[in-house]
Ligand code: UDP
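Single chain ahead, written as structure tokens, the form predicted alone.
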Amino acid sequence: MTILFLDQSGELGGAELCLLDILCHSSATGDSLLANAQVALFSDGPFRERLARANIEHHLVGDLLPPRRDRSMLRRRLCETVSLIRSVQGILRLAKDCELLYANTPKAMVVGAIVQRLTGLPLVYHLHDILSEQHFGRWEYRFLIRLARACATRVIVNSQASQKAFVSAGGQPEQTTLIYNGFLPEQFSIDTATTADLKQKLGIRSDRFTIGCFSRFAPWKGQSLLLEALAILEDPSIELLLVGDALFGEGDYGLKLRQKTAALGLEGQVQFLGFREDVPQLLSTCDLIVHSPRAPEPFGRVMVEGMLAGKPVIAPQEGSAPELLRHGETGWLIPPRDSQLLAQAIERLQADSSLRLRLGQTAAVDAAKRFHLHHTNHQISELCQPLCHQSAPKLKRMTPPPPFAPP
């Protein structure tokens, strides 16, 4: 039996990192179902490189990258249609040898729904998003809900927050299964020598209070809110590590963050580190982790990573954060979108090292129990196994049409 995972992006967003964790751990543990999976990508990029490095079978089909903005609207729509057709054709060629389709992203769900109708294969949609107008266009999230209702056998939600949004938008609650993202706790146990060496390389002085913010650069992720909070504090002893960069055509926001840093006079306190693969090591250099999105977060892997690293985490009291963190026990929750209250929370935790230590230690134990990757993979395997057995595709051996040439 083979699962065919579908993913629209070649970039390493949260959904891609989650899938990479699932497949790499399955290969290491010899999970008979997930270890034999294949991945179909609609775009090339770092995600494909990581899959290749992990020896995970993958195929590049079609290309769903945004068309050039200098083209006319008609030309863009035509290119999008051609891209969609090419992707469907590529998936059909792979689907004839598979028992289950697994859509890991919204555009993958659209393609997966078309292939599901043509083949009769069961389709699982792993929902990593909050389906609402804050995150999607007015019609886009409603369209995804309708596709899920019509074509998906099961919908995996990564938090109660994403589950609630799915149901509120018209999704069927009985269709959903809650499975949190999983992690390997041992990866976040970093020895003091490694931490000290990295601090030296980054130029972090011993008298600095270091805050870490780990997220892709996007307006709703709220890095600008954190910069405003630092400006309010006016404390030169605070150093901020911004780990991440812009994805999905949001490069302008990354430039605006750098401009805002300069305008607020924070250039000597903020380091832009870009995307890094040594996240556990970078977490170990921090005294505090701040996640301050301006819109509800569907999961927010950095919150769990901060917990596993034994660091106190500040997050907004909305979205998934109240599920992951318990205020005053395993984290620090504050009202969202308020730079003044964020500044006060930072000041409170900066001044109380014993509180930071207690929060971090309790969080590490809690996260290791609740968000272990082994448990996540076991849940996914249990969900997919019976669907593979029940698979009865209508046109599974169909011969796909020849490739559609782009205009």
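One rule holds for the numbers: they count along the sequence shown, beginning at 1. None of the values given here were measured: they were computed from a predicted structure.
Omitted here: the form predicted together with the named molecule. The next part is about that form.
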Quick one: does Trp139 come within 4.5 Å of the named molecule in the predicted bound form, counting heavy atoms only? no
Does the named molecule get within 4.5 angstroms of any non-hydrogen atom of Gly222 in the predicted bound form? no
Using the partner position in the predicted bound form, report whether Ala15 sits within 4.5 Å of the named molecule, counting heavy atoms only. yes
Would Pro312 count as touching the named molecule in the predicted bound form under a 4.5 Å heavy atom rule? no
If contact means a heavy atom within 4.5 Å, which one of 162 to 170, 143 to 151, 299 to 307, 109 to 117 is the stretch that engages the named molecule in the predicted bound form? 299 to 307
Students should find that, of Arg258, Arg276, Lys201, Arg75, the residue having a non-hydrogen atom no more than 4.5 angstroms from the named molecule in the predicted bound form is Arg276
Listed residue that, although the named molecule is not shown, lies within 4.5 Å of it in the predicted bound form (heavy atoms), from Leu288, Ile156, Val243, Leu226: Val243
